[in-house]
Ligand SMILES: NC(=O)c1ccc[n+]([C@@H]2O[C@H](COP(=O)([O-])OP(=O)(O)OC[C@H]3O[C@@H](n4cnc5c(N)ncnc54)[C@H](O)[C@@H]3O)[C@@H](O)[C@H]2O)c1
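In the form predicted on its own, a lone chain appears below as structure tokens.
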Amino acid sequence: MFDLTGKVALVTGAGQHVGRGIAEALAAQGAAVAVNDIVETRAQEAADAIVAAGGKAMAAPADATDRDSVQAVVAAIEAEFGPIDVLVSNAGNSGANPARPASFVDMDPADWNQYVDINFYAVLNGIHAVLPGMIERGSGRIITISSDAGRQGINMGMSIYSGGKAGALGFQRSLACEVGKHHVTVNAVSLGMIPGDWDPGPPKGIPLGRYGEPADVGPAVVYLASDEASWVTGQILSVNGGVYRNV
């Protein structure tokens, strides 16, 4: 069950944190994984770690917000591993620049693009690059890593980030309807709080009583990438410790 042997997966933003956990989980199930990251050394280190653990991986450095770069890296992956069966659009947050939480009314419009480009346009770039091949072959798995910020909203000064995530969710629902006839599934995983190198304080309002970890996300992605999820499309799978708001 959940055997991905023979599958080729591309995970964007996979040089660290959640993306790296996803790449490692896919590789552990037998997939050949292309580790994308805007920082080449991170991509290479993550790919090397997968290989050292007995998996199959390659570094695929590129800026996910640059359509030409994405097209080029997809071509390189296909030359090395073959056609891409699974795309996990994980690159997000604020992209290459640090996040600067602020109320929308106080934001400089010049800062909007960094959130929209990485959380929405980067998703479009990756899908547009791999989708023709998936349609031609009559199979494929497209998985977008989203956030409860886009699904239900948060009060953390990240409204444009939330908008970018919500845009990707709305897009993937309609795309699932478009490509279902080609046996290509399109789903999203909506994450709750998974701290990185910062301390958000004690968890509040999380039924399971803790923040998430990168290892919590990989199994959900493995399921959606597998043959066992062949009748699941256009869905949002929440991985958030049980947080629910009726909005």
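Source: prediction; values computed, not measured. Start at 1 with the first residue shown and count on from there.
There is another form of this protein, the form predicted together with the named molecule, and it is not shown here; the text below is about that form.
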Which listed residue (Ala220, Ala59, Ala32, Ile38) meets the criterion of a heavy atom within 4.5 Å of the named molecule in the predicted bound form? Ile38
Look at the candidate spot formed by Gly126, Gln172 and Thr233 and say whether the named molecule comes within 4.5 Å of a heavy atom in all three of them in the predicted bound form. no
Any non-hydrogen atom of Ile145 within 4.5 angstroms of the named molecule in the predicted bound form: yes
Counting only non-hydrogen atoms and a 4.5 angstroms cut-off, does Ile118 reach the named molecule in the predicted bound form? yes
Any of the heavy atoms of Thr185 lying within 4.5 Å of the named molecule in the predicted bound form? no
Residue contact check: Asn93 to the named molecule in the predicted bound form, 4.5 Å heavy atom: yes
Heavy atoms, 4.5 Å, the named molecule in the predicted bound form: which of 46 to 54, 177 to 185, 24 to 32, 59 to 67 makes the cut? Say which one. 59 to 67
Give, in sequence order, every residue of 1 to 40 that has a heavy atom within 4.5 Å of the named molecule in the predicted bound form, or say none if there are no such residues. Gly13, Gly15, Gln16, His17, Val18, Gly19, Asn36, Asp37, Ile38, Val39
